[in-house]
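There is one chain below, alone, in structure tokens, taken in the form predicted on its own.
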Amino acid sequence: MLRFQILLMVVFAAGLQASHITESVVRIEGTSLEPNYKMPWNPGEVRSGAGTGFVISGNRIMTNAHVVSNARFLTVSKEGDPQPWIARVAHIAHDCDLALLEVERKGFFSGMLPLEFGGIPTIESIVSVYGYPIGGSRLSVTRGIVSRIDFQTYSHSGMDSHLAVQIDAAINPGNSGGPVMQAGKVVGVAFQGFRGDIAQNVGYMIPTPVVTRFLKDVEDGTYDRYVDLALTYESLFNPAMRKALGLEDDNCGVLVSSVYSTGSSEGLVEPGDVLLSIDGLKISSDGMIPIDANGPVPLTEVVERKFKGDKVELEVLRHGQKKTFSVPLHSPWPFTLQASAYDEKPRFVVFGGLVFQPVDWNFMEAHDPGNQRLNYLFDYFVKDELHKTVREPVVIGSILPDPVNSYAGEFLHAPVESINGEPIRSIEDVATAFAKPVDYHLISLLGDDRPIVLESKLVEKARPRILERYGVTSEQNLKK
């Protein structure tokens, strides 16, 4: 009888715990305005979508950035209460796919308890995923087993990689932003999965070190993005290479292969250095460090947990001599060119029916250009340090056919080198060049000896004709 009573108490407690979790999970519905990078003067396409969020301390709702990106109108609703409440984005971090929402009207959080965060779940432990998958209006709970903990590319930005936890529970559209629970605490935020034709029942969650870092970053009211060492390294397994570098046979150290300019390590670390330790943690020859009980993680995890202005201590071996550096950390701006951008308008200049646009990931995704020079500029912008001479490549993104530009069709997607002899390093330079009074505008294209020549009088005459014919409502936008 006593054993039966204890079992009843455990079941009752579990029921209360599940009820508390259910009451703290919300459904998010949003209307977004997706920018049009082919016709950048247009407002964009209106889309609707749904996701999941959950209540945390301070009457805030946590969710994924991709659930609320480009949002123009957001509502949240509680389980069992269909009434929509208007919400707004308080903070958003596209590089780690997290966001915080606030509800405008008072009373929404009445009776709701904030969920608490736990640690990183262990391999083979069971977790529960809460959310509203595939547009459902009722809360769904699925269970999965933690199968892997490592670095993964976060698909929202397409460039940033952070710690992620893999589970064998599918993360479907609508699940995004929901809490992943273990022992009554949040151990992750559901955020991405594989398509069914690639892998079955495989999903990923953002673990709590990434979540707590985001919450710490926004405490001052601003999100400052992740910092980065801005270097690459290679494993040092080869005994002959280790001997040549003066290393012991202790399975320690990795070889620095490149150091990016504008990055944190520039001027301190050099290619050919051997990284021995980071913040006092020994680096193994595969680049792993012992930082958590769940096993080794890449050395970059130390930097992942730091903030703008923080420092990291590096011990290196250079020409047989050990050196120690204190590296101030920041975010290298050139890397953002190759990441998806959100919550900003396309920038452009229309002149003589030629549409000039800066090149970034959004432009490349929309246009899928076949111009090899342009593809090189984008793909190697960071690696070949092209940013030293060009802040952002500018190309002829589109051509609005008209007699004034009838011979320019072959220059579609061609990178612009100069206008009227002035180098073009950004889209602002294009607007400045065309604003200067000249009889003929000379547009030089990268790698092409044939310039585009536009007569100012003919351009001005064609201007109203082009604007009306193609529905161009604005001739330029220089602000994001």
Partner chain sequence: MNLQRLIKPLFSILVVLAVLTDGSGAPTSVIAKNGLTHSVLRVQSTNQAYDFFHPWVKKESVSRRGVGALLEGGRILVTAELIENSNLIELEKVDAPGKATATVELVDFDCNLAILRPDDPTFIEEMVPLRLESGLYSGDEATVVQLEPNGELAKTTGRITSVTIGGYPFVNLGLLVFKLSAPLQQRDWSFTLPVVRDGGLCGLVMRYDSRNQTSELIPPPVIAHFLKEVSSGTYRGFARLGVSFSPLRDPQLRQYLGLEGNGGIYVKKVAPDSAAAQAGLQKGDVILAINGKALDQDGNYEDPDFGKILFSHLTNTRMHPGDLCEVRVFRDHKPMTLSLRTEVPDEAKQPSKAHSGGKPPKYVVLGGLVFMELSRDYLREWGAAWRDKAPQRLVYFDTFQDEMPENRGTIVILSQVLPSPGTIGYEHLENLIVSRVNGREIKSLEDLVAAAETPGNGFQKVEFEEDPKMIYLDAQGILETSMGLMDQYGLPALQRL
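Numbering follows the first chain given and starts at 1. All of these numbers come straight from a predicted model, not from anything done at the bench.
One more form of this protein should be noted, the form predicted together with the partner chain, which is absent from this view; the next part is about it.
Engineer: If you check in the model of the complex, is S155 within 4.5 Å of the partner chain, heavy atoms only?
Structural biologist: Because no heavy atom of S155 falls inside 4.5 Å of the partner chain in the model of the complex, the answer is no.
Engineer: Should T389 be classed as touching the partner chain in the model of the complex when contacts are defined as heavy atoms within 4.5 Å?
Structural biologist: No, T389 is distant from the partner.
Engineer: Since only the chain is shown here, I'm wondering whether T75 would be in contact with the partner chain in the model of the complex (any heavy atom pair within 4.5 Å).
Structural biologist: No.
Engineer: Counting only non-hydrogen atoms and a 4.5 angstroms cut-off, does E234 reach the partner chain in the model of the complex?
Structural biologist: Close contact exists here: in the model of the complex, E234 approaches the partner chain to within 4.5 Å, heavy atoms only.
Engineer: Non-hydrogen atoms within 4.5 angstroms of the partner chain in the model of the complex: do H66, S161 and G280 all have one?
Structural biologist: Judged in the model of the complex, none of H66, S161 and G280 sits within 4.5 Å of the partner chain.
Engineer: Which is the contacting stretch out of 343 to 351, 308 to 316, 256 to 264, 117 to 125, given heavy atoms within 4.5 Å of the partner chain in the model of the complex?
Structural biologist: Going through the listed ranges, the match is 256 to 264.
Engineer: Can you pick out, from D286, D150, D250, D384, the residue that has a heavy atom within 4.5 Å of the partner chain in the model of the complex?
Structural biologist: None of the others qualify; the residue that does is D384.
Engineer: Would you kindly say which of L113, M241, A183, I134 lies with a heavy atom within 4.5 Å of the partner chain in the model of the complex?
Structural biologist: Answer to the contact question: M241.
Engineer: Can you name the residues of 148 to 169 that have a heavy atom within 4.5 Å of the partner chain in the model of the complex?
Structural biologist: Sequence-ordered list is empty.
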